[in-house]
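What follows is a single chain, given as C-alpha cells, in the form predicted alone.
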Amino acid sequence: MTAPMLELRDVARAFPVRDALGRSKGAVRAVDGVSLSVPRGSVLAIVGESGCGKSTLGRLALRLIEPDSGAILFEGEDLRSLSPAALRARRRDMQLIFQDPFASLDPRMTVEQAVAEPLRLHGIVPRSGERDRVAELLSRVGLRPELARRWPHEFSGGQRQRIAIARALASGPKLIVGDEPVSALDVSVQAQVINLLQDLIRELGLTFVLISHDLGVVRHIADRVAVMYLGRIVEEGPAAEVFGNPKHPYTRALLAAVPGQGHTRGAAALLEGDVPSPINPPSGCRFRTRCPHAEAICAAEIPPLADHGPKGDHIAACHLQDRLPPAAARHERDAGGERLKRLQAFFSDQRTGE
C-alpha cells in the first residue's frame, strides 16, 4: 500500500461551552478520537451532516487549530512536535481552500498581490519573477493573466474560487484540504471547478482531502470516503464500496436522502428524532437514538471500526453491520444512485463543453 502523505492517530478536540455569565456548561467534542490515513496522490472525502466535525477535522489536519490529544503525521513527521518556525516552513507543503470565495480573498489586495503572497512568504521566486509566476498560475486555473491587476470584487464566485485555487498552488503544495470548495457556487460552476481540481490533482500529483456534504461531488472525485457523525468516523472505505455497499445505517440514510428520485425510501433509511447534543452524546453508538435497527448492545458498548469482510479496507462502526437487511441496503442504493449518475454525466458534459 502507498505510504500515507497524511495520517491522523486518535485526534480529539473539544470546545468549551459557557452560559451568558461565563459559567461552564461542558464542552462540545467536535472531533473525538479520529484516526485516518491519506495515501500519497489519493483523494479522501470526509462527508457528514453540518456540525458533525468535518471542517474542524480538516483544520486539525493542517494544525490550524491545536488538537487536545492525538498525533498528526505529515510524511511521517509529527506536526505537533514542530517549532513555530519549522511549522511555518512546513506549511509550504500544505494548503487549504476555503468554502466561501467571497470571504477568503482580501478585498484590499489585487489578484496579483493575493496570489504572490505565498511566493513572497516562502521565498519561492525572486521579486523580479513574481509577475510571471502569477501569470502562470492564473493560466493554470483557467483565468487570463491580464486579470491579475483587478480587485476581488470584480470577479464572479467561480472566478474567485479559481483565484483561491491559484493562491493555494503558489507554494507548490503536496497536500490540499478543500473545505466545501464548491458548495457556495452555482451547479454549472461547481462542475467546472471540480473538473479543474481533478485535472490539477492528476497533473501535479496532489494529495487532496475533500470536505463535503454533496455526495454527487464526492462520488465523482474521491478515491476513498470517510463518513462522520457527531465527531467520530462511522464508516470508511473505497468510494465505490461505500456508495455501492454501505455498511453503516447512517451512511445508508445519507444516500437515501439524495432527493429527486421518485423512489419510496426503505424503512432502514428513515431517521427518527433530532441530532443529539454534542455536549452530551448518547452512550455506546452515537447514532443509536436515530437508528431504526438499534438493539441493547448499541447503548451498552461503543462499536469499534471494523471490517468483517476479506479485504479489510472497508470499515464501519456498527455492531449490526453483518445483520442489516440486504433488501434495505439495495433499495437505498437505488434511491440515491440515479441522481448521482446524472450528476456524474453532468460533470462530464461540462468538461466536454469547456
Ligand SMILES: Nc1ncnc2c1ncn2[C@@H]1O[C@H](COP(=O)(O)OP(=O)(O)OP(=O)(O)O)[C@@H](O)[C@H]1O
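All residue numbers refer to positions in the sequence shown, first residue = 1. What you see is a predicted model, and the numbers here were worked out from it, not measured in a lab.
Omitted here: the form predicted in complex with this ligand. The next part is about that form.
This ligand in the predicted bound form is approached by C52, whose closest heavy atom lies within 4.5 angstroms of it.
This ligand is not shown here, and in the predicted bound form it never comes within 4.5 Å of any heavy atom of T289.
Using a 4.5 Å cutoff between non-hydrogen atoms, P278 counts as a contact of this ligand in the predicted bound form. In the predicted bound form, this ligand sits within 4.5 Å of a heavy atom of T56. Of the listed positions (V38, C298, V28, A317), a single one reaches within 4.5 angstroms of this ligand by any non-hydrogen atom in the predicted bound form, namely V28. Only one listed stretch (28 to 36, 299 to 307, 317 to 325, 66 to 74) carries heavy atoms within 4.5 Å of this ligand in the predicted bound form, and that stretch is 28 to 36.
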